[in-house]
Ligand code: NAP
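Shown below, as structure tokens, is a lone chain in the form predicted on its own; questions about how it binds or moves come after it.
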Amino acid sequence: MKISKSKPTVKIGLCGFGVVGQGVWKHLEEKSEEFEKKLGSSFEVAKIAVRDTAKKREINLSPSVFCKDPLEVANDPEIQIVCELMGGTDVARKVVLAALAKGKIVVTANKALLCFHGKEIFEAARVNGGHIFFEASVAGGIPIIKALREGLIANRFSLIYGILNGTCNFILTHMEKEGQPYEVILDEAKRLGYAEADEELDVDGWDSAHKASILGFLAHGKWVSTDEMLVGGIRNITQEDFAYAKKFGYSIKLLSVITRDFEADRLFINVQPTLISRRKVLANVDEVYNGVCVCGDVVGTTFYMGEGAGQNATSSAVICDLADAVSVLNGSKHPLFSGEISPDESNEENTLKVSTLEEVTSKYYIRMVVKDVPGVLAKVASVLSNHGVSVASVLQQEGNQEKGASIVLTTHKTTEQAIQEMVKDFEITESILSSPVLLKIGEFED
């Protein structure tokens, strides 16, 4: 890497040198002169922690730059910025806390780490005068964290919602366009490298939940654990659901929704497959792209879209954080995570509560397979009535005694508590042959 003799050099340590780590190195190398002009400093990747120092890599670096222990990077007194790009939570947590304990700057793309240990990490930064930057942890190359943290600082946010997982968006997009079942498109996503061999975190909604937790903290100063969220995935969605969506002008997206009721002082986060009107911009965000809508009381609704993952998108976000880190090293104070401010100490953190399921309302879509015999609709209606769920529409497709018939219901607005209890009753009703598919019907203001 080119090192300026006339301007200060910032030494960086990388923990992890996979796809993202190599992308960061590549772009820092290729644009070193541009960064020096813009930032007044040059970068040097001084040490890189990897599992196998002998592994052959496309990037040819001196063997002396590599080490096996990421804590060696965190504790090196010459390294000013530690980039945690390993993934996982156990070793990553130790590395991040070790670096912050020495008052260093940490840049991370690790959403699970922040979701599970964010409160501890930010407290360590505050106590020790360290700094934590994490733009790459949510929505890849979209600068959504910088927007919430800086660009929209004048606003209170009643609603933030969006597509935060590119794998699920790719699968849903291609199910809709190609008319193929979930399993076929999942295999295609794996072949193209959009889905991991173990797809559970993505398709069951947990990756999106980790990211939503971070956005909830940024917007409202409170960490909401995944245990306090409503989290669902896309495994049970079929072409029947897409047929219904198309008929009524909807698209199906896995949406993360962060809702704040300021009057009741309540916050709720849910991640669920949702029917959203095709007239909405977000409904037309396809393939591996992410999209986020932010509703502020001053600015109104703003929309952000871009690649949610991949080497270049994530590297762009990491380098954005490196630029902010250089500003801190040059004396400017970061507006939120300067090591002197801790949102967890605010009064709001002490009073803001997570909404109960009885306080959360929505309209819903329910599809189930039932026995094709007389009296089934009456039994379905009885369950609905027992839980006070009002039906807006009913569609019944002709079936047969062997495979059963499909019933599709939509409801008027009702509570999440009532819907969850209703679904449990449907699952033990003899006339119903399959677990109901439940989708929210998204009604979002422009």
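Numbers follow the displayed sequence, beginning with 1. The structure displayed is predicted, hence computed values, not measured ones. Rigid core (definition): largest C-alpha set, two forms, superposition within 1.5 Å.
What comes next is about the form predicted in complex with this ligand, which does not appear here.
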* Answer yes or no: in the predicted bound form, does this ligand come within 4.5 Å of a heavy atom in every one of 50, 86 and 91? => yes
* Asked: Considering this ligand in the predicted bound form, which of 171, 136, 96, 325 comes within 4.5 Å of it through any heavy atom?
  -> 136
* Asked: Which of these residues, 403, 413, 37, 57, gets a heavy atom within 4.5 Å of this ligand in the predicted bound form?
  -> 57
* **this ligand contact at residue 20 in the predicted bound form, heavy atom, 4.5 Å** => yes
* Consider residue 374 of the chain shown here, and say whether it contacts this ligand in the predicted bound form, taking contact as heavy atoms within 4.5 Å. => no
* Is residue 221 close to this ligand in the predicted bound form, meaning a heavy atom pair under 4.5 Å apart or at it? -> no
* To do: Although this ligand is absent from this view, report whether residue 257 comes within 4.5 Å of it in the predicted bound form, heavy atoms only.
  => no
* Asked: in the predicted bound form, which of the stretches 307-315, 366-374, 180-188, 248-256 has residues with heavy atoms within 4.5 Å of this ligand?
  -> 307-315
* Asked: What residues, if any, in 195-213 have a non-hydrogen atom within 4.5 angstroms of this ligand in the predicted bound form?
  -> 196
* Core-aligned, is the CA shift for residue 34 between this form and the one not shown 2 angstroms or more? -> no
